[in-house]
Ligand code: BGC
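So this first bit is one chain, no partners, the form predicted alone, shown in structure tokens.
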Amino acid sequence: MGRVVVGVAVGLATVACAVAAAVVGGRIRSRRKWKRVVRVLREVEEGCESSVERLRQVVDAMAVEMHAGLASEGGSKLKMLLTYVHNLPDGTDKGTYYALDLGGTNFRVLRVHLHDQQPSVLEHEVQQQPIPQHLMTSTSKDLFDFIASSLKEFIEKEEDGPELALDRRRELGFTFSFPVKQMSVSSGILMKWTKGFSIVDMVGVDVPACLQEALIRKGLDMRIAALVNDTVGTLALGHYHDSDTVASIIIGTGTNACYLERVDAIIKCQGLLTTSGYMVVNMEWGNFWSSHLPRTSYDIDLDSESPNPNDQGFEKMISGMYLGDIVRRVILRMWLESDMFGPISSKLSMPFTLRTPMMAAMHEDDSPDLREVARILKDILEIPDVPLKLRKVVVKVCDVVTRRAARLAAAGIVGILKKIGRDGSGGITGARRSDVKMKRTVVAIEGGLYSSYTLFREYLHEALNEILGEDIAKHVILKVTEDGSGVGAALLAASHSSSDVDTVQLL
């Protein structure tokens, strides 16, 4: 009997030891996994580091690339495209003008009424319509006949009736948000398609001429007064409301910038004259690149797997199209390194499953248990039951990626200001001068990443203050505009209408 008791006791002790060993082993493995997650997070933080010193290097690099792009074609990653827009609206125009905004899978037509007594847009009407999928790969005639028919229907809805409406000559601003080599304020050759369009017979062709022919075929007496992209339209709208506006930034799904440049600084087009002495330059800044940009392995992988590798490098680090996917890639790496997020989800391995609005919602989740983070991880990435401490890590990843993007966008803005002498440096690279008198400087800004994402906006402003210093930064105002691609294009139709003399000349 005694031996049996001893045997049972030994057996129980052995089991207890085994259980204890399993528990201890489990804890050790869990700690190791956690350390791997933390290591990945630290690597991301270090890779995305954007100190003010580094940001000022990016500022200088942006200004240098701008100079190079103005000096010669192909001299810089920045295309620095001439827009031939020289007469920005200032509130003195009056009448009714139209805009056509073609920038993606939808297009819009607008009618803008300008008051004849004070500088304000009294009223504008908008109609939006999707472009049928087959027309995105059809012919230029099919696409623009469809658009012209829709424009005609829109005009026929005017209060004074279809007969009078169609007989009256109209001015149209045409926003075409694809890469174009501008030939004049109202003409431009399509360089390539993006955003899912592939109409072969239009590449290398004057885009407004195609639209103008379609308008004629539909019996519309309408003149295309200005061909612009959304960034130029935003600058026009900003300048209409505030004449101190010198640049505009789009930062939403994509990103771009344009600004007002002295024509004598546009060396690659010597002999260019305008009555104002200035011209709007479309930077196409999404393609900016510098070795000073804090690039990580996640950025490299995203770029190599994209349809346009080694292209649009700046855009891939700061725009809404890509931020969510960078975060997804980091989470995937954490899972591969640690297995702490549970069984692998096929959605986690799928590019662009996590869109930036969802990422922003996780980043700005202020609930104590991060319920929104848990919901998005479960519903979007199909990762259920993520522990709270891992949810906190996800929020931190969102913060690191967003902060880097906002601070780089701020550096880009200061780079523009440096180029035009509005950064307080007096044109001295990497310097600050106390004797430079700062002018009030307004930058029009549009896009959901800035207007709707509070933390992104706060990080951008914080970086502006750090780079410029508070004494200079207080003279720089970022003003949100709405619908520069629509209303702004109509305003440019007004300021470049047929009643105006074309004042762009080449000597």
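If you superpose the two forms and keep the largest set of C-alpha atoms that fall within 1.5 Å, you have the rigid core. Since the model is a prediction, treat every value here as computed from it, not as a measurement. In case it trips you up, residue 1 is the first one in the sequence shown, and so on.
Not pictured, yet referred to below: the form predicted together with the ligand.
S.K.: Please state whether all three residues Asn229, Asn256 and Gln312 have a non-hydrogen atom within 4.5 angstroms of the ligand in the model of the complex.
M.R.: Yes.
S.K.: Can you pick the one in Ile250, Ala409, Met317, Val281 that has a heavy atom within 4.5 Å of the ligand in the model of the complex?
M.R.: In short, Ile250.
S.K.: Give me the residue from Pro179, Gly91, Gly421, Gly95 that has a heavy atom within 4.5 Å of the ligand in the model of the complex.
M.R.: By the 4.5 Å heavy-atom cutoff, the listed residue in contact is Pro179.
S.K.: Report the stretch among 360 to 368, 187 to 195, 235 to 243, 337 to 345 that approaches the ligand in the model of the complex to within 4.5 Å, counting heavy atoms only.
M.R.: The contacting stretch is 187 to 195.
S.K.: Residue by residue through 321 to 337, which ones have a non-hydrogen atom no more than 4.5 angstroms from the ligand in the model of the complex?
M.R.: Counting only heavy atoms within 4.5 Å of the ligand in the model of the complex, no residue of 321 to 337 makes contact.
S.K.: Does Thr253 shift between the shown form and the other one by 2 angstroms or more at the C-alpha, the core having been superposed?
M.R.: No, its C-alpha moves less than 2 Å.
S.K.: Does Gly196 move its CA by 2 angstroms or more between the shown form and the other one when the core is aligned?
M.R.: Passes the 2 Å threshold, so yes.
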